[in-house]
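Just one chain is shown here, as structure tokens, and it is the form predicted on its own.
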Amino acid sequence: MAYLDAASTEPLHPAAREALLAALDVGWADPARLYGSARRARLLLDQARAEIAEVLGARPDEVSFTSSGTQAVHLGVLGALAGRKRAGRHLVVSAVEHSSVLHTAGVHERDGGTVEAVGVDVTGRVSPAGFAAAVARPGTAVACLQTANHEVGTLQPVAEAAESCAAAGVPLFVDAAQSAGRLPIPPGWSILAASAHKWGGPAGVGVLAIRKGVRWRSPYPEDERENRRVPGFENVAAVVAAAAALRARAAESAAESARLSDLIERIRREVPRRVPDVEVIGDPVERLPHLVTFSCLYVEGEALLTELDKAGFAVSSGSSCTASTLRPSHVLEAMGVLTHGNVRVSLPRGVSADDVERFLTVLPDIVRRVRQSLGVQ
């Protein structure tokens, strides 16, 4: 099986596996206690925090650990809204944010707040001018913008958005889940969320970073742990493994990102050449190095995924359309592109060029057979 779904979760990095096993032996105690084994656990936790903060461009005391990237998003956005109630109750998001951000916006709206979704162009990118105009609206409490889109890979103008937010006095929440460990984090963010399993760390470790001076109040009952931001016992061994993976990915990112980008460029070029009626989606240049999405006319994405799985390829569909919901991807809808027959290929660390060539070889016949089964000639 060729695993080509790193945007969902990256396989565990060897550095993470080694660090996890070592930390299980020495980092099992409660890091909040004062006896020797607890102090060792605390040292491991603090060292991991410092390493992750350095890669993200934050201070160690600005970084807290959550149970997932989704929880980091929920805490980051809801906490910022709670801390900024006096400034207003208006929330600005892009129309292509991850569902965790949009679901949080829905909670805010149901509680009486207002939400403005800024549209995107056909590549999936937010207009800096449009985002600035939305942020400048009186009563804006928080703005949200992802570093890169999780479905089509397009990079967002985070640095420009941060300048607009600074001019308006509005904190900017940034979802960096897809880019952390792969690309440098753009400057200017106020609150940031990330997820360790996206960069080759273990699942179950999210990162919430809140800049000093940003008004933020936890929507949860207060807890003594993680700077009173996140309740619950820290998974020290998993956090140590997450830091080891992020450190290793950052060290190898330049060479590996260039290699993966070349493979993605080949997919972008060859798929429409070999398969008729295909639309490659997302910005061809300002994009994540490891991800490409394309849509095949006259085909359901789920049928393609099933046949590709039988052929030995694990890929996903950027479209969330299923038989139960009949709801296409909100990202593709916002872009105004084909929402069905969608395939997202995201290459993990170390994937071989042979796997990519084999994928390009089998794809045309699979698309043809699926179309034939639907009566399409």
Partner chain sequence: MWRRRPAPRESEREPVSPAPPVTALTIDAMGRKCPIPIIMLADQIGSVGLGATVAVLADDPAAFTDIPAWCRLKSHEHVASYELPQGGWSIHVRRNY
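Numbering follows the first chain given and starts at 1. From a predicted model like this one, the values you see are computed outputs, not experimental measurements.
Although not depicted, the form predicted in complex with its partner chain is the subject of the following passage.
Novice: Of these, 111-119, 160-168, 235-243, 128-136, which stretch puts a heavy atom within 4.5 angstroms of its partner chain in the predicted bound form?
Specialist: Single hit among the candidates: 111-119.
Novice: Is there any non-hydrogen atom of Glu279 lying within 4.5 Å of its partner chain in the predicted bound form?
Specialist: Within the cut-off, so yes.
Novice: Could you tell me if Glu300 has a non-hydrogen atom within 4.5 Å of its partner chain in the predicted bound form?
Specialist: Contact check for Glu300: yes, within 4.5 Å of its partner chain in the predicted bound form.
Novice: Though only this chain appears here, would Val376 touch its partner chain in the predicted bound form if you measure heavy atom gaps against 4.5 Å?
Specialist: Answer yes; at least one heavy atom of Val376 falls within 4.5 Å of its partner chain in the predicted bound form.
Novice: Would you check, heavy atoms only and a 4.5 Å threshold, whether Arg266 touches its partner chain in the predicted bound form?
Specialist: So Arg266 does not count as contacting its partner chain.
Novice: In the predicted bound form, which of the listed residues (Gly106, Pro184, Pro187, Gly213) lies with a heavy atom within 4.5 Å of its partner chain?
Specialist: Of the listed residues, the single hit is Gly106.
Novice: May I ask you to choose, among Val315, Val351, Val55, Ala334, the residue with a heavy atom within 4.5 Å of its partner chain in the predicted bound form?
Specialist: Looking at Val315, Val351, Val55, Ala334 one by one, just Ala334 meets the 4.5 Å heavy-atom criterion.
Novice: Looking in the predicted bound form, is its partner chain within 4.5 angstroms of a heavy atom from every one of Ala95, Ser99 and Pro328?
Specialist: Yes: Ala95, Ser99 and Pro328 each sit within 4.5 Å of its partner chain in the predicted bound form.
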